[in-house]
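Taking the form predicted alone, here's one chain by itself in structure tokens.
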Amino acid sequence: MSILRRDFGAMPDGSPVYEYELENRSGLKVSILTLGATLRSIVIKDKTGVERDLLLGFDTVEDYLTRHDYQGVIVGPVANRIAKGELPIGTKTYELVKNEKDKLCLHSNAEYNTANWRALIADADRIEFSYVHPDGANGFPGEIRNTVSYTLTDDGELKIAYHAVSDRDTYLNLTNHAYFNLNGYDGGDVLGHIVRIDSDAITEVDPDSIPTGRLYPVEGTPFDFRAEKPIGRDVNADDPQLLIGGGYDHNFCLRENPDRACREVARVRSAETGINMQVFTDLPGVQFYIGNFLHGQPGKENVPMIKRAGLCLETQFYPDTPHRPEFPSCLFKKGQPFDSETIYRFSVDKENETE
């Protein structure tokens, strides 16, 4: 195992941004930026021996700050949407920045992903990033101390461990917003990718993509991924939930997990490259999004990020939990730690084993 550090540029205030690269014995390479603790690249050899970078992203700091749709970044303190930009805690309601449609808060107004995190090489196979959220930033209460570590194993696992603790009662829901394309960032759209998700229901959403509180059974709908199928098979079906999101952009409610075990919840594969990805988490939900709102902005090597060029599997608590007491709660008391782990496991089929 090896870890390299190289310069990636500088923040507007002149502070340096670094890129760290981990490589395991089989040649799987993962790079992370201090900016946003961003997962910038995952490079693996496909079934023919060609290296593929599986992540959408950019080549400069400026692009990550100005062109982003949250490519590969850490999102927090609360991922996803909060209705009305209001955060009720006890008898007080905190007013958040309304950065979507001027009426709701999305991804905490991009706070964590535009911060330059501090990096520490914690072990031969692990890098740890830390960031302190100031009390009241973007309306969220509490000084929140955050740590996100990335570990690459020789078994092809990328482990992301999240830790956050606040000095006030607050909501915490950290995730990574990587856009995966198992054909490579220049591999076109992901509609041919085969996906399975262990979920019997999604959280139904209103026209603003805010949960209504109803769990929408996937049985008999385009959202049924309990048996693997191509993403493109049902994406254009006449379903009211698909019309709201412009395709898949929904929280899938994962099956009950009373022991908070880190279990496999999803799987993706590409017959074209033979690359497989399994997703493990201890959280109750995963946002499945397929880049419906990508609009062709230039990414790595100026390759356009076309509509549906990447898929996201953002492990999380359900969206808008502050307004939905029936959902699993992500309210954490003063001093109570948020700890969670997500694992992406990569493997490659031999050429004669793929379809």
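When you see a residue number, it is the position in the sequence shown, counting from 1. Keep in mind that this is a model prediction, so the values were computed, not measured.
In what follows, reference is made to the form predicted in complex with ligand GLA, a form of this protein that is not presented.
Heavy atom within 4.5 Å of ligand GLA in the model of the complex: which of Val205, Val195, Leu106, Ala137 fits that? Just give me the one.
After the contact test, the surviving option is Leu106.
Pick from Asp69, Asp53, Asp46, Asp63: which has a non-hydrogen atom within 4.5 Å of ligand GLA in the model of the complex?
Of the candidates Asp69, Asp53, Asp46, Asp63, Asp69 is the one lying within 4.5 Å of ligand GLA in the model of the complex.
In the model of the complex, which of 141-149, 272-280, 220-228, 175-183 comes within 4.5 Å of ligand GLA (heavy atoms)?
It is 175-183 that comes within 4.5 Å of the partner.
In the model of the complex, does Asp249 have a heavy atom within 4.5 Å of ligand GLA?
Yes, Asp249 sits close enough to ligand GLA in the model of the complex that at least one of its heavy atoms falls within 4.5 Å.
Touches ligand GLA in the model of the complex: Tyr289 (any heavy atom, 4.5 Å):
Residue-level check for Tyr289: yes, a contact with ligand GLA.
Using a 4.5 Å heavy atom cut-off, state whether Arg81 contacts ligand GLA in the model of the complex.
Heavy-atom contact with ligand GLA at 4.5 Å: present for Arg81.
If you apply a 4.5 angstroms heavy atom cut-off, which residues in 305-327 are near ligand GLA in the model of the complex?
The stretch touches the partner through Glu314 alone.
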